[in-house]
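In structure tokens, the next block holds one chain alone, the form predicted alone.
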């Protein structure tokens, strides 16, 4: 538990570091905020905060910077959100309602608007059903030594994969296998199909069922993404070196679809999640935070609205704007379906 004074000091340390990207010293806090206590008292309290893991001490500086749990405490109980003023809401709504092209234009513009508002990377994904299911599959002979697997999903999308065969298989045998496996797999989702593969004794049948399960899961993560704000994010001090900038671009390219959608679908519609540093569990993204909210319609289609940036993020501004844009996107897609 933090004392009231420790909580107040932690809040100031986080706010100062977010604003300046420079380690925060006890003297700077006293001088800037005209605190009614001495620099030595602040220094002692900061030492206790460091012992408890809320802040850390870079070896090249006498100041402190927030640690992950310090940011977490700030977001959960010390931060005051920067609300969206009615004029800003009207501007966003007006911009989106001026788009006549349809859903893709809405998604692209939503990413642009959000990125400009928060100064970080904004990502919006196309809404899609939460869980794809197999309608039916077909096996087609290819040159005797390989088979084309065609999987048709219940939303009409089609995915294909070429599978090697240990021995050539005639088309009539493949047709029989297709009928047999369709009788067991039709209507199943990816997890259920994967489980079914473990129960099948025939190794060739099991291989096909596992491949179908993978295609179903891939279907879940083929959402097209609309991204904006990369340049603004890379202009921040964290990416001052070329190497760090290139690494950041590579990390975002690898991260933005699959993991982002998983994070969004971890919560209910209207719930905004904040994942700080290592909390999102993505290798190489420990210095990034994600603010993400899901949006969708009554039919069960879900997409994601998110902001990605350094852990030194303006959470108080970002969180309400991600929440608002997600709610607005839900309203827009409900109106066209």
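Residue numbers count along the first chain shown, from 1. Here, rigid core means the biggest group of C-alpha atoms that superpose within 1.5 Å across both forms. Since this is a predicted model, take the numbers as computed values, not measurements.
A second form of this protein, the form predicted in complex with the DNA, is not displayed here; the remarks below concern that form.
Residue 276 falls outside the set of residues with a heavy atom inside 4.5 Å of the DNA in the predicted complex. A residue is said to contact a partner when one of its heavy atoms sits within 4.5 Å of a partner heavy atom; residue 281 fails this definition for the DNA in the predicted complex, lying far away. Although the partner is absent from this view, residue 67 stays clear of the DNA in the predicted complex, with no non-hydrogen atom inside 4.5 angstroms. Within 4.5 Å of some heavy atom of the DNA in the predicted complex lies at least one heavy atom of residue 37.
This chain appears without its partner; in the predicted complex, the one residue of 326, 9, 24, 313 with a heavy atom within 4.5 Å of the DNA is 24.
Using a 4.5 Å cut-off on any heavy atom, none of the residues of 225-250 reaches the DNA in the predicted complex.
Core-superposed comparison between the shown form and the other one: the CA of residue 40 stays below a 2 Å shift. Relative to the shown form, the Cα atoms of residue 40 and residue 60 move together by 3 Å or more in the predicted complex. Panel note: the distance between the CA atoms of residue 46 and residue 60 is smaller in the predicted complex than in this form, the difference being 3 Å or more.
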